[in-house]
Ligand code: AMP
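Below sits a lone chain in structure tokens, taken as the form predicted on its own.
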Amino acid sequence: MRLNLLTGRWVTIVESRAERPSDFAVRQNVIESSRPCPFCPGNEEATPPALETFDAGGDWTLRVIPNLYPAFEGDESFAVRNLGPVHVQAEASGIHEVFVYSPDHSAALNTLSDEAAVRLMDALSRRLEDHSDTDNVRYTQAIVNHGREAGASLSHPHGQILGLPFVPGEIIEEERAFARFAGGCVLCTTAEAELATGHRIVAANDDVVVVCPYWSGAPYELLIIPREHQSHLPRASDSALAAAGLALRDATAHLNAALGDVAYNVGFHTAPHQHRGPYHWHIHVWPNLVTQAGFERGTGVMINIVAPEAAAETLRAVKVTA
């Protein structure tokens, strides 16, 4: 058993149940609609007007648009109402946006150019900064779902940015982890400890470290740690943001080369907008290779059938071209 220092939860590594990388199924294609793709160039009228557009030579390279079917919408303040002894609710106010990070319908994170990978992080930084000025938004979660198994409803490469009126429990647990860690910053320490041994390193340079974390709860889970210590993603330096974008591109390229085109989720974790305590922003990549069963759902304890040391060795061994 290994303790996830970011959440305080235990995970179990069971190597005897490990499957070979070739045994993991590649993702299924998202079912395409007979209608034109709303995210492809030329179909901009199918979406709400862009909130922000990045252009090159007169053509857009990245667009941020309101989500047509928002999970969070409105400017109401967060107010909890008790409807009975066990029934509590609040308005789902906030912001829900889509960022289309490539005009190429067949692109993916692992195929982005250097410029496109850097642009993605620049766009997220700008949107999170904008959200921080919105009174009822306390936390902003940016995600990318790749593949139908990971929750993607459209094939065209895109992600989502959700401005929430509350701080999610996962982030609260991470905040507590940073606060109680006695050795300084838990992620700065993690990066240095992993670099010292190299057992779980997938890639590293002066700006960023990519590891299969010691406490991986799922096969081939990845953690991208900027070397620059900064709590809030929008306050990171341009060089740190650029390095993180390139590392995300390369990390997903390693997954693709080693396992095939598998489904995965990407989560960008940053300190809540008004957070003043210790934190270190980072990026999670969670491949969707196994299904959670009753034990995991019933206890919250993950069983990982591929040791992170073995996963990192497999991912390091593949050749990736930028």
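Just so we're clear, the structure is a prediction, and the values are computed from it rather than from any experiment. Numbering starts at 1 and runs along the sequence shown.
Below, we refer to the form predicted in complex with the named molecule, which is not included among the displayed structures.
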{"property": "Listed residue (257, 50, 46, 290) with a non-hydrogen atom within 4.5 angstroms of the named molecule in the predicted bound form", "result": "46"}
{"property": "One residue of 227, 105, 96, 199 in contact with the named molecule, assessed in the predicted bound form (non-hydrogen atom, 4.5 angstroms)", "result": "96"}
{"property": "Proximity of residue 56 to the named molecule in the predicted bound form, heavy atoms at 4.5 Å", "result": "no"}
{"property": "Contact test in the predicted bound form: residue 249 vs the named molecule, heavy atoms, 4.5 Å", "result": "no"}
{"property": "Residue contact check: residue 145 to the named molecule in the predicted bound form, 4.5 Å heavy atom", "result": "yes"}
{"property": "Close approach of residue 131 to the named molecule in the predicted bound form, 4.5 Å, heavy atom", "result": "no"}
{"property": "In the predicted bound form, segment of 212-220, 79-87, 145-153, 171-179 with a heavy atom within 4.5 Å of the named molecule", "result": "145-153"}
{"property": "Residues within 4.5 Å of the named molecule in the predicted bound form, restricted to 39-67 and counted by heavy atom", "result": "39, 46, 47, 48, 65, 66, 67"}
